[in-house]
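Quick setup: the structure tokens below cover two forms of a single protein chain, split into structure 1 and structure 2.
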Structure 1
Amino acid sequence: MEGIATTSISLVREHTEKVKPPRALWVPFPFGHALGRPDDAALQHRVLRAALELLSAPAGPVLRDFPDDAEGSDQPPAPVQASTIAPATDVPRDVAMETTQMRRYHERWLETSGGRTACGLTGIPVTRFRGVVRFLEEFADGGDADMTERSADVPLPNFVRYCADDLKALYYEGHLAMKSAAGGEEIARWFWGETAAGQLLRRVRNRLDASDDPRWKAAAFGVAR
């Protein structure tokens, strides 16, 4: 048959059994850890080799299990969500000031990561994130908020979501600069439990979710759940 040979990595075995792709390697790692562990080239190569070995199969579908158990990570199988984390009683209230403080850690992150950052979905530079915070606060308060940086073809709820993602990236990467060994669960508990930004995003989520528009509800689901 004419076409391109494919091999794939599967995270949900039960779904792969239904879809039946030609070749799939099921791995026992948590969501977000498809190749095993970040910065672990040896484990990533073992996963990659196991997926590429399936290419020699003469017929399919082939679904094989990666031999290791969930040794790739000490993280929970799925990330902890905001609704399961109670905010501390002494969470700071000034999000803009906190964001400015986080920028110092974020600059350190950029130095160690070689400039790599997940910020950038809004196109607004980190140096102007106080403006993003003001926009999100006004939005959460029910105001008719918008930003000139939103292009006309990006619906408002999608833009709100990108603002939330950029802000989260600033904090998560800043936290990694403070504590390089921190895992996703620890950072999520800090962000949703101890930061003013986390509480702001809970309020943003509430306004999006209160809408009858399914596009707003979808954005809410992506900001916090």
Structure 2
Amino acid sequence: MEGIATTSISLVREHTEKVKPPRALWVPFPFGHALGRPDDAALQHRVLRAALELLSAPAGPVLRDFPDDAEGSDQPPAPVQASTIAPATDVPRDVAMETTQMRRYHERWLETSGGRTACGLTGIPVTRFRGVVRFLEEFADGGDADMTERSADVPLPNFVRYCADDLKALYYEGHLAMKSAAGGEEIARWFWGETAAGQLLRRVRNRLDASDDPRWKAAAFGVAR
């Protein structure tokens, strides 16, 4: 409307066909990998060039597929879902203690990443994540759990999702500090199969999904799949 040409990258072709943005490039990659495999600069540049080339189209809406000659090896594997990972028989039970231990590795991650982190959705500092754990435990047990940090304009299921995402980010980044070469599948299998936090989030997911409220069910999908 302001005369500014825009282009976009689509991960779900069916949605883009219905929304009809001015220009969109559909890519055959899983969620979280809009530009393709991490650290593959050549592939990422190809995707960006293909998206920017749509700006030359004289009229829209335009929806094109990423070039058919993209090799299968260019595509990262689909993320491993929690539902496909069986918990180990000796998973720790004390989530709060485990989280405190993971904070040490997360501090190492911050040092090596220049302070970059995915934690922060809740606005609660990692030094107070034991409180987040207690909140999630009470919620998973069916209690009327809440936190004073939850803003009045953030629905409870959304806040639960934020807490879960922050906790996962702490663990995932901490694991990378321990093993920098670990891939996404390896980290997912470790988190959902071997950590107390992973089992807690399974329980949180179960309570959300048991609700008849579609907003709760939507949050469950993101907490543990």
Partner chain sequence: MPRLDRLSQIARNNLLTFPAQVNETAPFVRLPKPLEGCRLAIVTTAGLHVRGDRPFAPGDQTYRAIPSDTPAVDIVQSHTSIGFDRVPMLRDVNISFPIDRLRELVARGEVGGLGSRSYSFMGAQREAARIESETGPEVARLLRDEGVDVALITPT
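Just so we're on the same page, residue numbers count up from 1 along structure 1's sequence. If you're wondering where the values come from, they're calculated on a predicted model, not measured in any experiment. Rigid core: the largest C-alpha set superposing within 1.5 Å between the two forms.
Shown second, as structure 2, is the form predicted on its own.
If you fit the rigid core between the two structures, you'll see the Cα of residue 24 move by 2 angstroms or more.
Residue 13 shows a C-alpha shift of 2 Å or greater between the two structures [criterion: core-superposed Cα displacement of 2 Å]. The Cα shift for residue 200 between the two structures, taken after rigid core superposition, is smaller than 2 angstroms.
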